[in-house]
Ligand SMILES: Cc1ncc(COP(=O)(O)O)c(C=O)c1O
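This document opens with one chain alone, in structure tokens, the form predicted on its own.
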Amino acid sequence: MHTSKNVFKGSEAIKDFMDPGKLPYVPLVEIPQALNPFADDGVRILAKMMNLLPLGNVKAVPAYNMIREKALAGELEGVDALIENSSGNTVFSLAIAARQFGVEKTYSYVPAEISWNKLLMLLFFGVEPIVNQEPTTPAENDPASGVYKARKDGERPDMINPGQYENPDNPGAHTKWTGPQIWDQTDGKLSLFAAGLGTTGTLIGTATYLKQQKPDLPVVGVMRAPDHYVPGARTEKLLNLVDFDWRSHVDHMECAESEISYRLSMAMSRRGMMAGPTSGMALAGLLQHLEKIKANGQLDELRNTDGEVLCVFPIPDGPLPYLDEYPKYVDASEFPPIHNEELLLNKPGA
């Protein structure tokens, strides 16, 4: 049971609490001017704080939707376990959603290079990892890939594979909830939408709704640069494993490198917006695109009826699961010194 006071009670309280349709709008928050080099040009950049969802990440939306739709279709009858290819937010969100519908066990194919912290997170949430040596040059339907293996395992009558890379209920969740919220929160004055590309569900689903309202709305897709690491995001080569036709929803593409993604993530977090590395990557790509538009003298083409260029990008999750990674990609000068460091008893490497 949900009330206007945002209280959930009863035997299905957690299930209702996870239902995006029964929650207040996810906040839309403008980034500080210190992080917006185009503020003097009348550009406003707002972040959709998907990290404030009940499970703390954007994947909670499609995870709930995929499981609920399978339950409504009767596809969970006789199912004892869920299996997915995921090393983080998606599979732990699926695991928690599935438990609300009676599926207690969750397995996940994870890449051999998964960080120990992310592995501990999966174990914490009761997900059983299956380490997989991913092919160096992934291709669609490669039998060695975790995506393929999870799909085949899901053919067993006692197991289900939600298939985040091909299940239309993944992007459909954002068409149903995220897009309408953003359109309403911006009073229909949105000038540009940008999002990082992982499974591509957030971008496809949100852009689908927004372009239904404004067909000429520019959509910027941000991928991670080749040979650069950003958790949850994909390079163009890795996007080959995604079955969704994400390219048809993207008007402009940008690549972001590890350092700028982690640095912007830390900068937003220090200003009070708890943003993980993929959030920094999305913002980096958006800023790169705005720089190109400004250099080409095209900013005025994006101005809304208020004379502003109103941009929105999602913050998929927070920085805490990745704290051990920041020193790898952000220069040491960005961190304050530790006083009396020699007294530490548990210093790494000691």
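Numbering starts at 1 and runs along the sequence shown. What you see is a predicted model; the values in this text were computed from it and never measured.
Keep in mind the form predicted together with the ligand is missing from the figure; the text below concerns it.
The putative spot formed by 90, 199 and 322 is fully lined by the ligand in the predicted bound form; each residue has a non-hydrogen atom within 4.5 angstroms of it.
The stretch from 154-162, 256-264, 230-238, 68-76 that comes within 4.5 Å of the ligand in the predicted bound form, counting heavy atoms only, is 230-238. Taking the partner from elsewhere, residue 316 is found to have a heavy atom lying within 4.5 Å of the ligand in the predicted bound form. Of all the residues from 263-284, the single one having a non-hydrogen atom no more than 4.5 Å from the ligand in the predicted bound form is 278.
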